[in-house]
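Just the one chain here, the form predicted on its own, laid out as structure tokens.
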Amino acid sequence: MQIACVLYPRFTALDIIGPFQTLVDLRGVDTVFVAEVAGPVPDHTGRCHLVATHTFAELSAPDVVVVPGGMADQTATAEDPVVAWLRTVHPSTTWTTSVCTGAIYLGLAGILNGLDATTHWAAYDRLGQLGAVPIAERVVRRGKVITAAGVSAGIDMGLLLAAELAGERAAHGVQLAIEYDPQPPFDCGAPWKVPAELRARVAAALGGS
């Protein structure tokens, strides 16, 4: 079982590290990083680099694909290398997944046409323009497509995927091993929980609406 964690310049680090951490130690799973060009790929800050060990050209039939969000998705088009690769590999995947605005790449590839899907709350409008039906849920599974909401939701999605791949008992063990027991100091992790001023300020900073 091969899991391909996609990288591209200006990805968001936690988007892909969360799922990676939940999946990498599963028995019988080969979790790799893939990009257009092998080697270090910078995140959206330019200060965190992850290394792609495989290129899109080399990886033609992964069992699972995980696409993170980031800043490049704001300008991505149907001709983007990530989108072109998704069109090639999606028909044969067991699971095709995204975290945060990684769903934009799935939408550009035509994978979300008519499907319920989620993404970062600031990108609902764009996701809808790409043929998906945006819904405000933490993780959405429709057939073999799983989409997760913003950034930290990738951990939740990874645990759900771990249960699908290795069973709930294994997923429970992963959750305990990484001590994933969220107890945030503030209750402001969703747009409907905060004042309109804060929501607008954060959306503007993200380049969203």
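One rule holds for the numbers: they count along the sequence shown, beginning at 1. The shown structure was predicted, so the numbers you read here are calculated from the model rather than taken from an experiment.
We do not show the form predicted together with another copy of the chain, though everything after this point is about it.
Looking at another copy of the chain in the predicted bound form, residues Ile111, Asp125 and Lys144 place no heavy atom within 4.5 Å of it. Between another copy of the chain and the residues Val140, Leu59, Leu159, Leu165, the one pair within 4.5 Å by heavy atoms in the predicted bound form involves Leu159.
The closest non-hydrogen atom of Trp121 lies within 4.5 Å of another copy of the chain in the predicted bound form. Of the heavy atoms in Ser152, some are within 4.5 Å of another copy of the chain in the predicted bound form.
Under a 4.5 angstroms non-hydrogen atom cutoff, another copy of the chain in the predicted bound form lacks Glu36 among its neighbouring residues.
Put simply, Asp30 is close to another copy of the chain in the predicted bound form: some heavy atom of it is within 4.5 Å. Shown without its partner, the chain has Ile155, Asp156, Leu159, Leu160, Ala163, Glu168, Arg169, Ala171, His172, Gly173, Gln175, Leu176, Ala177, Ile178, Glu179 in segment 155-179 as residues with a non-hydrogen atom within 4.5 angstroms of another copy of the chain in the predicted bound form.
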